[in-house]
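Shown next as structure tokens: one chain only, the form predicted on its own.
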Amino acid sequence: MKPIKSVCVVGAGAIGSLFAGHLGSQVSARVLVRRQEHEDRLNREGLKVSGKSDLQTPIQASMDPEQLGDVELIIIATKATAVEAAAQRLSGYFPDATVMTVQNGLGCEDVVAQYGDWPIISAITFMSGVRHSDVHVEYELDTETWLGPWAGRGASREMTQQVAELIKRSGLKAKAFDDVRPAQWSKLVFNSVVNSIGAATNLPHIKDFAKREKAADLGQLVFDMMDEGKRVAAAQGIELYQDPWEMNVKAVRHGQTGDDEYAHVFSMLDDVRSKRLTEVDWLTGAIVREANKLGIPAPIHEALYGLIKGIEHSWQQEDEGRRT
């Protein structure tokens, strides 16, 4: 099999920058950007990774995919809401590449497949970082990226394993699966619950998410909603790789000092606070759609999905009010 000598990252936020900064220590790293200033700084300064890694990586960046040459691996590391725009930019380029999607939720691979014939790897990552600038990202949480051939038009098992080994050689953590759906659904159920509840309550991942002493405790809602999601997965014949409730309890405790001041702010909560469209359609909405297909009730997911969509709609009302 042809070795991976170059990788192109699309979406140079925290996750994309962590991939580019680390993989660039092993192979040629290219980044497709949207701003001229971003292109110029990366080409001039490279990418610095601090925190759990200490790297200074040269980067070839461009706003034009044609200028990046041929690559063996493309990593789309945008939010789910930006995957279609990213796939459109890639359309017609990199015909010999494999594409790896690294998004929360379900359905991004289907979107990418509309714009090219690339073999696709489905990936889910738990690592996290803070993007301090266009050229500096801090590596915070050094947990695994799970990856496997997409069920629709998947890359080969050999290519998937090669990508996982490259990620590990670069200093990141990864685990390859022949069937990634049990892992993908584990994180889907976890994320669909904690992200939507966090966004609806304006709460980060505080200890209350795992508290179930009384009926009114927030952890009881989290538990019941996760149990609902697990039933949808089971109806599809998917045996979850990890239990979402245990993932929740572990995440609440991870890195905590007992002070909720240090609790993780969910991506959807950050979006709601900034009045940006969230990934709820790909998370909670995805479980609602799958439940409807199977004829399985999912009332808690439906309620949270509708609530977050209502919050998003309220911003449109505010904007219209300002214009009148």
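Model, not experiment: these values are computed from the prediction. Residue numbers run from 1 along the displayed sequence.
Missing here is the form predicted together with another copy of the chain; even so, the following discussion is about that form.
Looking at A210, you'd find every heavy atom of it more than 4.5 angstroms from another copy of the chain in the model of the complex. Interface membership of L304, defined by any non-hydrogen atom within 4.5 Å of another copy of the chain in the model of the complex, is confirmed. In the model of the complex, another copy of the chain stays beyond 4.5 Å of every heavy atom belonging to S156.
In the model of the complex, at least one heavy atom of L218 sits within 4.5 Å of a heavy atom of another copy of the chain. Only one of T201, S133, Q236, S128 comes within 4.5 Å of another copy of the chain in the model of the complex through a heavy atom, and that residue is T201. Put simply, of I197, I167, I76, I121 only one has a heavy atom within 4.5 Å of another copy of the chain in the model of the complex, and it is I197. With another copy of the chain left out of view, the stretch that reaches within 4.5 Å of it through heavy atoms in the model of the complex is, among 210-218, 237-245, 134-142, 108-116, 210-218. In the model of the complex, every residue of the candidate spot (I300, G310 and S314) has a heavy atom lying within 4.5 Å of another copy of the chain.
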